[in-house]
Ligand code: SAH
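In structure tokens, the next block holds one chain alone, the form predicted alone.
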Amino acid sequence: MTRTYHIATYGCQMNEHDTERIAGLLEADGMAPAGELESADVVVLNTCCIRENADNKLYAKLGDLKVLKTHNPDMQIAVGGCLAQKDRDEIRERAGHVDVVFGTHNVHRAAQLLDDARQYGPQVEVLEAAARDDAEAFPSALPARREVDYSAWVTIQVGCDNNCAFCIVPAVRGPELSRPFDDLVAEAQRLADDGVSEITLLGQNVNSYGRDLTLAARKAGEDTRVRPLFGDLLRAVGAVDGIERVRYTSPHPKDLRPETIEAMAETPSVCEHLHLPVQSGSDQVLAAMHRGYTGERYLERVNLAKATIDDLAITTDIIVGFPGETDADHRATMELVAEVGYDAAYIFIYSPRPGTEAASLANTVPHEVAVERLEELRRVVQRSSAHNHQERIGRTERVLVEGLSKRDPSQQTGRTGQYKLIHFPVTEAGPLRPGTYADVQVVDAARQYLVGELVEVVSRPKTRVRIPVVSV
């Protein structure tokens, strides 16, 4: 009988992309998706260690799986991802019923490790960063099982060379490693040939793409004056026939170059959306975080982008309550947030991560103070978001249809180039297929989404796709 699998994914888009590749590898090994976790022969937990209490959530889930495994001893349990990379020995010690532990550096061995575990017993393998010189270290070089057929991620870079005081990513993902330029363009072409029209370029710090390639070329005595930069990659992927939209995440403000901004402005398929994590508006806090820029320097980048890229939407990440953050620091963040006028922001209360510099810092901010600051910042962002949405009423937006609304099946949803969610009625002819591009006129706006009316269908997807239910 065909064995089945279930993958639970935690964390960022890099993890979601890794999950697609793990699923592709398992299916290439003869497995099929399980209808539900309880009936799966193989359960993979693709973990994250960025969020608070990530380890507690993992062990709670592993406790539930232990009960299932007592009833089904043949069930295999694998733990992958960032937390597995960081705490592999502890996972094996605390959860002896786990069959396989593998880290971020060897996703490409997931199916093999599961096969080995069936023959030889539990397997633990986490390759060190120095061993990641194999092209298979990049998730995009592996087979995939994508959730949707019209959109795909492409990992252009793994690892990070920054030393942000609050972040564990460099420790679990390793130093920056860029995928060769020509391989990325070829990957985009293969995806377009397969019916993909929207590509999101992924990396821990995408706009430093190619820096390691340049250093390697320089050491080899090669001419590095014309080495490709991230802006060149945006232009090249954007020029691939069949690719209608190019997005990317996440850039670092200190590495956002004018060439990247120009490429965004001059490449029609690159979306008019910039997610630029600020983390704080206080120079004192930014220095303690080791972010490598000041509030003024960040605003210079934002203003240049706004002046260069037509109709640009800007979103961000903010941490409140970083150790030592004062009321004056908080006011500086409030002022910067108000000045930028963000379309949306992901605001988090700081929580220490073992293994990071910030975890040892004193002057912690009381939780109730951090909550109050978060709510104040949230109100500022909500005002700018509502204003920006109101400004779009009456405009006609090019929308990529995603599916039906989960709350109201008479409505279908899609995303604008600015990555704004828009709802519009299903026509008498039925819902548009996901992957369809349509022009939709905005007739109303809420703080988190737009409301529209279909004007016309622009293009339909090349392949037959499922109609997923999309949450409002």
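Quick note: we count residues from 1 along the sequence shown, nothing fancier. Predicted model only: the values in this text are computed from it and were never measured.
Same protein, other form: the form predicted in complex with ligand SAH, not shown, and the subject of what follows.
Contact check at 4.5 Å (heavy atoms) against ligand SAH in the model of the complex: none of 155, 246 and 419 pass.
Residues within 4.5 angstroms of ligand SAH in the model of the complex, judged by any non-hydrogen atom, belong to 164 to 172 and to none of the other stretches in 164 to 172, 72 to 80, 88 to 96, 238 to 246.
The single contact residue among 306, 353, 145, 108, judged by any heavy atom lying within 4.5 Å of ligand SAH in the model of the complex, is 353. With the partner removed from view, the residue among 388, 294, 250, 269 that has a non-hydrogen atom within 4.5 Å of ligand SAH in the model of the complex turns out to be 250. Residue contact check for residue 50: one or more of its heavy atoms lie within 4.5 Å of ligand SAH in the model of the complex. Although the partner is absent here, residue 319 lies within 4.5 Å of ligand SAH in the model of the complex, judged by heavy atoms.
Remark: residue 277 counts among the residues lining ligand SAH in the model of the complex, judged by a heavy atom distance of 4.5 Å or less. When ligand SAH is considered in the model of the complex, residue 181 lies well away from it, no heavy atom lying within 4.5 Å.
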